[in-house]
Ligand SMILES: NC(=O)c1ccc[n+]([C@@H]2O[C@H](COP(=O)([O-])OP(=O)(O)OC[C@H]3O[C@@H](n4cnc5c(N)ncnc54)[C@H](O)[C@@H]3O)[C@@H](O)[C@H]2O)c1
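Before any questions on how it binds or moves, here is one chain, the form predicted on its own, in structure tokens.
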Amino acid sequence: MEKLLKAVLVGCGSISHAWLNAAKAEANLEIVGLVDINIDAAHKLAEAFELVEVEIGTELQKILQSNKPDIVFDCTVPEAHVSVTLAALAHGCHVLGEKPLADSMENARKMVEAAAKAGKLYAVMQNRRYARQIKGLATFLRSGAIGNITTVNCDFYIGAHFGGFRDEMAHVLLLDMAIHTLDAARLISGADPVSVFCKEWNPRGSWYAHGASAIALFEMTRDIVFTYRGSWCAEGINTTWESDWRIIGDKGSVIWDGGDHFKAQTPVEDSGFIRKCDDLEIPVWTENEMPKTGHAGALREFLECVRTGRTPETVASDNIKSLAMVFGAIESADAGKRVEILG
């Protein structure tokens, strides 16, 4: 029988519902505490999920001391990640935190170093890595079916009318959304960032205050070039939330719409101006290969790693490279020049 793990969740806003929906499906996981600076939000969350015996409070330290949990789930805003994570690690807890990892590279490095010093797991909820389609695609590309990857292009265009804080955010697209796509690019390509040149702007008619559109050119390891084009104020013909992708190898190409549509081709002739190509099949992972997806998949892997001592895919010491792509793009956009990316 699996060991019962006790967890405290910090930050009881809307995203916490996705976390608790995943958590309630885990038989040997008990939520013992809810923490939020807005005590009413914590009480409402406890009521919504029928967490009758959970301790509720506004101070994380007190909840950690009285419950001695194994894990802290950090669903707070990015600015609070560093204080929550450092407090949790200091109390001997493993931490699974909401994306992005931190509000700055300096804080991200502090958190990664603290986790290593404490000997505890610290991972990030990059839930979009836990989809059967992207896992199938990554496995297909690793097989060498289209040879060595040379180029990865993606487009993200959605007219998203959130209202609220995002309307006033600086660098809204890069800071709030691009982390998902840039992290996916690392998974798909199997490469890490080296440098970036980024152009960011706010198009005429934008309902955002700043940075609703961006184009970025990344140099990656293994001599791969990755381009990102995106906008959160593009009305009509929206892409999926996972973006539209084209991956080019030296023996073929793949397109993926971010959903269920794939197309892959490889040439079957060794001469001719435009050579004949045959279609290749990209198998999506099955439920046996990946029984849980999204938040549930990320949470399940994290719990398994806590129990077994293995390392989760989205461990912060690796995910910091995706965060570096975000802040590298912002630095480049502000400076108007290419910048090197340091993880």
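Since the structure is predicted, the reported quantities are computational estimates derived from the model, not experimental observations. Just count from 1 along the sequence shown to find any residue number.
Here the subject shifts to the form predicted in complex with the named molecule, a form of this protein not shown in this document.
The closest non-hydrogen atom of residue 230 lies beyond 4.5 Å of the named molecule in the model of the complex. Using a 4.5 angstroms threshold between heavy atoms, residue 280 stays clear of the named molecule in the model of the complex.
In the model of the complex, at least one heavy atom of residue 76 sits within 4.5 Å of the named molecule.
The named molecule in the model of the complex is approached by residue 38, whose closest heavy atom lies within 4.5 angstroms of it. Contact with the named molecule in the model of the complex holds for all three of 13, 127 and 176, each having a heavy atom within 4.5 Å. Between the options 136, 100, 258, 211, the residue in contact with the named molecule in the model of the complex by a heavy atom within 4.5 angstroms is 100. Among the residues 91, 120, 186, 180, the one placing a heavy atom within 4.5 Å of the named molecule in the model of the complex is 180. In short, of 193-201, 76-84, 152-160, 218-226 it is 76-84 that has heavy atoms within 4.5 Å of the named molecule in the model of the complex.
Residues from 292-326 that approach the named molecule in the model of the complex with a non-hydrogen atom within 4.5 Å are limited to 295.
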